[in-house]
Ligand SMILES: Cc1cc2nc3c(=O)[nH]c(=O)nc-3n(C[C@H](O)[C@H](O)[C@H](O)COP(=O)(O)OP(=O)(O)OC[C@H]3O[C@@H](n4cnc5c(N)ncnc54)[C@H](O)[C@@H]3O)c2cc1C
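Only one chain is shown below, in structure tokens, and it's the form predicted on its own.
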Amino acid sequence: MATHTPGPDPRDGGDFDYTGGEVERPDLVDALDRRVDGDVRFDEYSRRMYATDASAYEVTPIGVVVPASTADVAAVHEYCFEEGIPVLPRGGGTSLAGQTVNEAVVLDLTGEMDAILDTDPDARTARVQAGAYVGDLTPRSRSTG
């Protein structure tokens, strides 16, 4: 029986960070870039990458912000609220009903805010940041239980 050896995890720093194409709303890019430490991506390539999820829906976002901290999340929400711009937090994009696509500023929480903070297998609880993958959590909780 053949065994499968998984390849490198692209989340481990592979060179998959592509951008390119026309930048939409440069004024908004500048305003958000001044307020956050994370990445602000309003280029055509990034917007297309976030236009779909696991559903059949496709809606191109206004742009994408990959926040580095909760302060970045708050700054994006505050600015966009003041300007009347919708904001859509997003995890892994596994929605089957289109919840992670819309014409909004998408916050990709998986980029920098994916830490597993604490697990307690006996109590069956975990504290994680909003962008954590359940697939990363499950092996960790099993190995300590």
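The numbering used is simple: start at 1 and walk along the sequence shown. Since we're looking at a predicted model, the values are computed, not measured.
Just so you know, the form predicted in complex with this ligand exists too; it's not on screen, but the next bit is about it.
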query	finding
One stretch from 43 to 51, 116 to 124, 85 to 93, 27 to 35 that, in the predicted bound form, holds residues within 4.5 Å of this ligand by heavy atom	85 to 93
Any non-hydrogen atom of residue 99 within 4.5 angstroms of this ligand in the predicted bound form	yes
Residue contact check: residue 109 to this ligand in the predicted bound form, 4.5 Å heavy atom	yes
4.5 angstroms heavy atom contact with this ligand in the predicted bound form for residue 130	yes
